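Listed next as structure tokens is one chain, alone, in the form predicted on its own.
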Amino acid sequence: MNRRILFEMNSVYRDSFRVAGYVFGHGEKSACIIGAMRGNEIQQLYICSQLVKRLSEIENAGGIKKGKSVMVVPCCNNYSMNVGKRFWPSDNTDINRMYPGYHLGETTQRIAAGIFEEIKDYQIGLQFASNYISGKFLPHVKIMETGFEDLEMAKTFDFPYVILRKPKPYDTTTLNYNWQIWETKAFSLYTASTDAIDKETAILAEKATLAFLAKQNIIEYNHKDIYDTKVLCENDMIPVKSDVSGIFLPEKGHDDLVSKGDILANIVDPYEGHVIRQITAPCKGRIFFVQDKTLLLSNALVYRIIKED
């Protein structure tokens, strides 16, 4: 294992800001794994820490294939993580909306440029990401439809779902999109949690990543697939919103099967305590996502459901 500083920036009031990468093996740039880009991505940081540990063991046992190398970057934003903020502390900008970056730009543009310069030539790029909406998701792999996506490779992850997303204008400055434009086969991996560790899906992500690297002939790792991966288009899932604000009390969680008309959640008046709305399932299916904020705003997305016939 070789620990490298990929980007460093001096600070006036505290220690320098550094982004570290852990390189395993020697040879071609086979795969790069990115963890926490935002300050609340504790789950993503934890998963990468476990991958650093496991890949170190695999390397010591001679399990990195000859001429191959893997780099893991556990955290790209430890400043925000140290002060408990999701985005960059001084200006609240998002590093994952700054790619491919600009060396003479604002702070997060320079960070993105420094990181991207080090990782853009890897053949495969994996990012443990978090959604802009806070909540619990079923584990899935997400790929952008850029014309460079590799759906067949995405299906080799041992994850329950592969989600295809049509890029919107703001997606063009994300790492996943720019990796693909620079001809890296890029995949975003999502587990059930972000700012707290969900150990079950963290273990799933660790094993699925190692199995994926083995299938790509990068490492030696014994694995057995447990999922028959399903491919879904993001827009095909049924969104469920609340038309009132109040205290959100869910009755159903992610991965639950529901029938049309089942009660998904109750919305309670925060002052008077009575139920002002019951949110019901619009169709039969499996709950893919449930938001986790206790105070709910009107017209907020609360569930996404994978419709089943």
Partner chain sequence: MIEYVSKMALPVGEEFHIMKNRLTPDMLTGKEKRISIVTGTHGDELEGQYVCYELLRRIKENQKHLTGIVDVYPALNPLGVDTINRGMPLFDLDMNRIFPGDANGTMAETVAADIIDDLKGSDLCIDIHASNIFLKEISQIRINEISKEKLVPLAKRLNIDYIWVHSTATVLESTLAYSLNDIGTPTLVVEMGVGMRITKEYGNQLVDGIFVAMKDLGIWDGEVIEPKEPIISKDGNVHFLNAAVSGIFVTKASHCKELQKGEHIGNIVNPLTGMVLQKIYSPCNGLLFTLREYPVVNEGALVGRILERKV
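These figures come from a predicted structure and were not determined experimentally. Residue numbers count along the first chain shown, from 1.
Only in words, not in the display: the form predicted in complex with its partner chain, which the text now covers.
Stretch-level contact check against its partner chain in the predicted bound form with heavy atoms at 4.5 Å: of 119-127, 203-211, 81-89, 225-233, the positive one is 81-89. When contacts are judged by a 4.5 Å heavy atom cut-off, V19 does not count as touching its partner chain in the predicted bound form.
Among residues of the shown chain, G114 is not one whose heavy atoms approach its partner chain to within 4.5 Å in the predicted bound form.
Although the partner is absent here, L104 sits close enough that one of its heavy atoms falls within 4.5 Å of its partner chain in the predicted bound form.
Interface membership of G253, defined by any non-hydrogen atom within 4.5 Å of its partner chain in the predicted bound form, is ruled out.
The putative spot formed by K29, I64 and F148 is not touched by its partner chain in the predicted bound form; no residue has a non-hydrogen atom within 4.5 angstroms of it. Residues K241, S245, G246 are the ones in 219-252 with at least one heavy atom within 4.5 Å of its partner chain in the predicted bound form, listed in sequence order.
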